[in-house]
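Only one chain is given next, in structure tokens, and it is the form predicted alone.
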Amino acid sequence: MNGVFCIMLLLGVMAAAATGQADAAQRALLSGGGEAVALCLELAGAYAFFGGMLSVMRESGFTDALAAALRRPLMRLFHFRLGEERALSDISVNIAANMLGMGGAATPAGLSAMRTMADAGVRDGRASPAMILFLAINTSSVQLLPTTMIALRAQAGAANPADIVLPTLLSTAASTVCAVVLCRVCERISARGGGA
């Protein structure tokens, strides 16, 4: 990925030089770095608040309760191969954290779930249907509380930063349903063709 970014940067600089806008490109590069640092510092307070809120939710048992509530539906949703069901706890925690907008907290559980499912059987480097479905659900990620976007909107001066909660919930729910349906369709097509 670093190589892709380097190529994009070099192409942009060459295009700016070719069009006679090298000075503007240089100013944009220098000011962009400063703006990125300023944005990180401005968002630090919001992230500290939401990180603290997640800690309170963990200590109170709310995230565990949400993960436990997700276990039964997830058992029906995923077609686990032998041994892959051991990842269910990590999958539940990952999805619960994502639903609360805590992507940073969800990542370790997601990686652990993928490792557990990968270790459950040898597939010559190919992902199982459960792994693919988990990745699709993780990517589409139903958001009950989009904390990062709320923080960004608050920092940008939005009058009501949380007014995106309902539209975000509806759109992410729709994207997750589409992801699950597409995974099921592809899984059936693969099964008919004799794929893994």
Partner chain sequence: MASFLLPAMLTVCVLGGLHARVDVYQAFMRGAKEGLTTLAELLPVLASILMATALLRETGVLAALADAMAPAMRALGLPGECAGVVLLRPFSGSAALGAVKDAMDTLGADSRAARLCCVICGASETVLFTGSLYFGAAGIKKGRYAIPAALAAYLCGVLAAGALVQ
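If you superpose the two forms and keep the largest set of C-alpha atoms that fall within 1.5 Å, you have the rigid core. Source: prediction; values computed, not measured. Residue numbers count along the first chain shown, from 1.
The following text describes the form predicted in complex with its partner chain, which does not appear among the structures shown.
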query: Contact of H79 with its partner chain in the predicted complex (heavy atom, 4.5 Å); finding: no
query: 4.5 Å heavy atom contact, A158 to its partner chain in the predicted complex; finding: yes
query: Contact label in the predicted complex: A118 to its partner chain, heavy atom within 4.5 Å; finding: yes
query: Its partner chain contact in the predicted complex: D163, any heavy atom under 4.5 Å; finding: yes
query: Residues within 4.5 Å of its partner chain in the predicted complex, restricted to 161-176 and counted by heavy atom; finding: A162, D163, I164, V165, P167, T168, L170, S171, T172, A174, S175
query: Core-superposed C-alpha of G103 shifting 2 Å or more between this form and the one not shown; finding: yes
